[in-house]
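Presented as structure tokens, the chain that follows is alone, the form predicted alone.
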Amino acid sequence: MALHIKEEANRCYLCKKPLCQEGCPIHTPIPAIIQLFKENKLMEAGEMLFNNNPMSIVCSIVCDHGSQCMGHCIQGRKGQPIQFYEIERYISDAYLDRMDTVTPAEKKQSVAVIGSGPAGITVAIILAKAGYRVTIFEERNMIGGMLRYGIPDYRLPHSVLDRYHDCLLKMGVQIRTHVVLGGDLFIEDLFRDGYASVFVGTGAWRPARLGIHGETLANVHFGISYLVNPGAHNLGKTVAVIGAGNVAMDVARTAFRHGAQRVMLFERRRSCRASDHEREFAELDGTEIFYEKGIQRITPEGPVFKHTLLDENNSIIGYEDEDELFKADSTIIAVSQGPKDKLVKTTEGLKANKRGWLLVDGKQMTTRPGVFAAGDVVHGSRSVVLAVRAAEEAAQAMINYMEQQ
């Protein structure tokens, strides 16, 4: 592996105007990192990666590299683009356990981080490094949020998240699990107990309903709920998945790994919302994708569709008359997710838009002073790297806010 990575690094042109860096949502300084790596300065390269993106090892695994760094590499125009994500993973993997976790001895104010997904972890790391007392509040028994409970282990090993847990503890971050903010405790309680600011990174865990007949049947499940604990579901041999985003692809691939013999995925339009590489992996595993199928109802025998009529812009303009039943033992709805509303309902001044996403200003502060938010709870289900980018902005805004108090 190391020799392959070295050869890949040696192929890099170290462009002065790196398109790969422009294609990265968090603008990772790719040429500088590769140069350090080529000089055998592994820890320096790792530090640069980590400072730019605390979740670099995660992003090296789950990012859509084909449309980001690798997809913008100039070498890809006539040949094979540089697989920087492989280099990034090697460096980040080595750095994570060896990094300097010493934080300032003189601690500043206390900060509460609600949720331990990629946004929450990022904020906790940045604030701990800056000398703040950080406490993470997580409603499940382990940190990771959607990284652990929404992305299958075969894609993102949970051992990576366990290492982040250890890293956070070494940095002095306190982690309180099995507590629901907006249920067991409230944001008002946090301010009462002296927290100077609060970060909300609770993600998007509420599955979107279809509002059709049959949604309450015993053999119908929601995609994100299935991914949390797939072993608890008995899906049978034939599974129908409604939806074509990345979650739907994860559901399809996970179903195969838990005994399904046939998995059918249905999309209303001509193309998937999932990234090309996630779709390709799902098809490689055996997923059958049916396009232009509009769900009408779900029966005990399986879902019923009508063929959709689309215009040249791929917009639905109607449906054909004939119903089509696809027989399946189970049907999984994986069309979208939204945020839960506990915090909005229990926090004075905290507001969300009509879809439930928290409202924030240009500095990631919510409508409640001192409360900041980023990630899926603000923008909906997007990529890990975009959540990290917004979380970094929120962390800096929190520091500025607390320094002015």
Ligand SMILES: Cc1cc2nc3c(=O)[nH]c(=O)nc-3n(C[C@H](O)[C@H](O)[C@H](O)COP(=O)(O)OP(=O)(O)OC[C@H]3O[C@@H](n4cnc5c(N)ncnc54)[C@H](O)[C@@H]3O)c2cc1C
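Keep in mind that what you see is a predicted model, and the values were worked out from it rather than measured. The first residue of the shown sequence is 1; numbering continues from there.
The next section is about a form of this same protein that is not shown, the form predicted together with the named molecule.
If we take heavy atoms and a 4.5 Å cut-off, which stretch out of 135 to 143, 323 to 331, 100 to 108, 86 to 94 is in contact with the named molecule in the model of the complex? Only one stretch qualifies here: 135 to 143.
Within a 4.5 Å heavy atom cut-off, is residue 179 in contact with the named molecule in the model of the complex? Within the cut-off, so yes.
Quick check on residue 155: any heavy atom within 4.5 Å of the named molecule in the model of the complex? Result yes; residue 155 sits at the interface with the named molecule in the model of the complex.
Distance check, residue 252 to the named molecule in the model of the complex, heavy atom within 4.5 Å: Because no heavy atom of residue 252 falls inside 4.5 Å of the named molecule in the model of the complex, the answer is no.
Even though the named molecule is not shown here, does residue 201 get within 4.5 Å of it in the model of the complex, heavy atoms only? Yes, residue 201 lies within 4.5 Å of the named molecule in the model of the complex.
Is it true that 46, 125 and 392 each have at least one non-hydrogen atom within 4.5 Å of the named molecule in the model of the complex? The answer is no: none of the three residues contacts the partner (heavy atom, 4.5 Å cut-off).
Can you work out which of 187, 264, 147, 274 has a heavy atom no more than 4.5 Å from the named molecule in the model of the complex? Answer to the contact question: 147.
So which of 175, 130, 227, 160 gets a non-hydrogen atom within 4.5 Å of the named molecule in the model of the complex? Checked against the cut-off, the match is 227.
Going through 85 to 118, which residues have a heavy atom within 4.5 Å of the named molecule in the model of the complex? Please give them in sequence order. Contacts from 85 to 118: 114, 115, 116, 117, 118.
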